[in-house]
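Have a look below at one chain only, the form predicted on its own, in structure tokens format.
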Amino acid sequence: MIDKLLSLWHTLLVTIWDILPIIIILVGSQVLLIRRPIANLPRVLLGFFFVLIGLTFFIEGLERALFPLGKLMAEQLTAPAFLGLDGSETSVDWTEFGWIYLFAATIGFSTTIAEPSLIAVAMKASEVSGGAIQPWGLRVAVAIGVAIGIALGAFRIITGTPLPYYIITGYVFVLIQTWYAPRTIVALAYDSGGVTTSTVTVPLVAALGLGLSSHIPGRNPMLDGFGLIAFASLFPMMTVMGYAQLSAWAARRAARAAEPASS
């Protein structure tokens, strides 16, 4: 019990140190640059307190549960006994790892749906657009992109193919989509790719990548274990713009279908 309390206290101190620069910048800008008193100071202080306590428990939970869970699942799913191997193989057949791809996609989808930063972006996007952008629609579109990206990233680790091939090809598709996607969705799609690399997604995805590369024959955790986060940032841009393109196409089709009836 004492060890757990000491660990929680250490996490609290680290969290205070991490958010201290943010507090200094915000308060300093308000007092020194804007030169106005902070409105509703008690509420602001209470809010900072809740943020501090919430982050402390959240980070402690990540360290004690989510991060070890991701690593443990990678170890179990790549175990020779689970895959029906004898453990002496020096190379692997990517078709034998179907459960890995499914697990990676499921982890990517579920962690993205629960990502606090994405929830905040989706709520603000709905507010600014006057309800034209539905929060759940945006969150699901981003989550599907992350699921596809993490599954493809797991495939890259298993096959050992170079990361730049995937990233360069993916950004080529993003540039093409940017040209044809509705202008109102492009900036939001780019931001949606960035918010996926946050507190929930990163620990599990990083643990999955390192666990896979540590237990796949011929893979180096330093060379092959990283890179999944890049997939988690890239593919949501595609799915969000694709979602907007499909919505625009459906709206145009409905409008054309309604024209003969109106005439």
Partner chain sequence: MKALILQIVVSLFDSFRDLAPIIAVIAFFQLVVLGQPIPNLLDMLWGMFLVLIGLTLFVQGLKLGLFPIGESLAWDFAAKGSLIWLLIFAFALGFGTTVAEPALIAVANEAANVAAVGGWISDEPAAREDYAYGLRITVALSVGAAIVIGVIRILRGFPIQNLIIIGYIGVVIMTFFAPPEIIGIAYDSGGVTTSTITVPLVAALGVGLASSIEGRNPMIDGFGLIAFASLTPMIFVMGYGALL
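Rigid core (definition): largest C-alpha set, two forms, superposition within 1.5 Å. Quick caveat, the model's predicted, so the values are computed rather than measured. Residue numbers count along the first chain shown, from 1.
Just so it is clear, the following notes concern the form predicted in complex with the partner chain, a form of the same protein that is not shown.
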Heavy atom distance at most 4.5 Å to the partner chain in the predicted bound form, all of F50, W99 and S129: yes
So in the predicted bound form, does any heavy atom of L163 sit within 4.5 Å of the partner chain? yes
Hey, in the predicted bound form, is L6 touching the partner chain, heavy atoms inside 4.5 Å? no
Quick one: does Q134 come within 4.5 Å of the partner chain in the predicted bound form, counting heavy atoms only? no
Do I25 and the partner chain share at least one heavy atom pair within 4.5 Å in the predicted bound form? yes
Scan 34-57 and note down the residues that get a heavy atom within 4.5 Å of the partner chain in the predicted bound form; none is a fine answer too. I34, R36, I38, R43, V44, L46, G47, F48, F50, V51, I53, G54, L55, F57
Does T56 move appreciably between this form and the one not shown, meaning a CA displacement of 2 Å or more on the superposed rigid core? yes
Would you tell me if V44 moves between this form and the one not shown by 2 Å or more at its C-alpha, with the rigid core held superposed? yes
Based on a C-alpha change of 3 angstroms or more, tell me if D224 and L62 lie closer or farther in the predicted bound form than in the shown form. farther
